[in-house]
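Encoded as structure tokens, the following chain is the form predicted alone, with no partner shown.
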Amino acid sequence: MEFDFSDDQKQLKDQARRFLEAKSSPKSVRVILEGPEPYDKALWKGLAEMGFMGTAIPEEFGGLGATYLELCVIAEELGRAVAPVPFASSIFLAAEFILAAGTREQKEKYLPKLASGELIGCMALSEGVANASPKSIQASVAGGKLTGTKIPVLDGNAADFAVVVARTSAGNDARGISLVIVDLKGAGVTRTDVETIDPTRKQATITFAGAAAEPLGAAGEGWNILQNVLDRAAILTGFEQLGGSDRALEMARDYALDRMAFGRPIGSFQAVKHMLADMYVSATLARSNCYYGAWALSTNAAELGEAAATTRVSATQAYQHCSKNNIQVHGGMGFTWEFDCHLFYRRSNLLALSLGSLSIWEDKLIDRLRAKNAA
């Protein structure tokens, strides 16, 4: 398979990079890292004005009506800038849930405001440190009211509403899982901050005590819808991880060329060369798999499931590898607060768990490849 982005899509990528270099500098990222604000509101407004949030939302629902390929290149630049905004939670997840399962009325109600940035959405899935499964879901809906606790909820303290995965019938299997939309500013909702490795994308504990719950999709179909949305989000998040991997590699390369030791750039030493080469190989493998994912997502190919898992695994591994070794190339300076290496290391670890752990996606990839070979 041969795949590449079009010239127009590459121009969009360049436009997004210029915008984010101006509006999401390391200095502005640190303001959110060190301060109380849950996200960069000025950057969020700017992204809305550029139309980036509405990229893949249909025009009839207030979006630009472009393709997922355009959204992929924007995601890559957001990752490169470690942008401190809830873009992924709102667009890769909340908007995708509504597109996948919402009624026309729900699409008309939520999508235009998501596209404009007026509303911020998030996904509330996990209920503790373990990977989410049908058995682990204890939050429940009865009589249109939601009761339970979700932790951690990425961007949950910034969001206006959440798509919540909850149980609507007894038992421990997937047939009892449904999706509901909950107004996080409404009655019966309590939010508290959770300490996280990356305060530029804050997380929350959300407790629901009889909160009004609006059904999203058919009852009992929540787990199937969730898996479909997670696959799509994995590819988009993969591009975000790819952008971070490339930037971490560039930082390490530039430092290795500038830093002198024993009268020579440290990049001339074999150990550093090998480290940079390993980073390059990791990032390049991730790019190849992300492009495979982008093709599958944009064409809704039959291979979407395996492409999503492959993208997720390789992009997660690449970002963690590159961000960690960027610190190593910088040596003792890489561990300091003043250098920006830790911004990427923090984000790489946050994203590694944002859609379920790496082991979950490795298992998905194995299962999907086995099923394909058995067919």
Partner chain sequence: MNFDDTPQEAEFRKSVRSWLDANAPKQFEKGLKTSGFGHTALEGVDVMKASKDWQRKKYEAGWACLHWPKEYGGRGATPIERVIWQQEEGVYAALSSLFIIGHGMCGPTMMVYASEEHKKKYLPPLAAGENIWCQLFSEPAGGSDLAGLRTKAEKDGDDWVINGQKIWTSGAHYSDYGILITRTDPTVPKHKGLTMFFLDMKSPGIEIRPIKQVNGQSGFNEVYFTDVRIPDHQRLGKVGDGWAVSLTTLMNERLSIGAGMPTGFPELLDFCTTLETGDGPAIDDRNVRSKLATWAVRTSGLKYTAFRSISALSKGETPGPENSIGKLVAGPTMQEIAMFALDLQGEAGALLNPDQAAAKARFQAMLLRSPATRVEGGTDEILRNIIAERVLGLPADIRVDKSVPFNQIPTKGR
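Residue numbers count along the first chain shown, from 1. Predicted, not measured: the structure shown is a model, and the values here were computed from it.
Below: the form predicted in complex with its partner chain, not depicted.
Looking at 289-297, 172-180, 196-204, 136-144, the stretch with residues near its partner chain in the predicted bound form, meaning non-hydrogen atoms within 4.5 angstroms, turns out to be 289-297. Of the listed positions (Ala261, Ala187, Ala218, Ala277), a single one reaches within 4.5 angstroms of its partner chain by any non-hydrogen atom in the predicted bound form, namely Ala277. For the three marked residues, Glu34, Ala48 and Thr336, no heavy atom of any sits within 4.5 Å of its partner chain in the predicted bound form. With a 4.5 Å cutoff on heavy atoms, Arg253 counts as touching its partner chain in the predicted bound form. Although the partner is absent here, Ala302 sits far enough away that none of its heavy atoms falls within 4.5 Å of its partner chain in the predicted bound form.
The shortest heavy atom separation between Pro265 and its partner chain in the predicted bound form is within 4.5 Å. In the predicted bound form, its partner chain lies within 4.5 Å of some heavy atom of Lys10. Along 359-375, a non-hydrogen atom within 4.5 Å of its partner chain in the predicted bound form is carried by Ser359, Glu362, Asp363, Leu365, Ile366, Asp367, Leu369, Arg370, Asn373, in order along the sequence.
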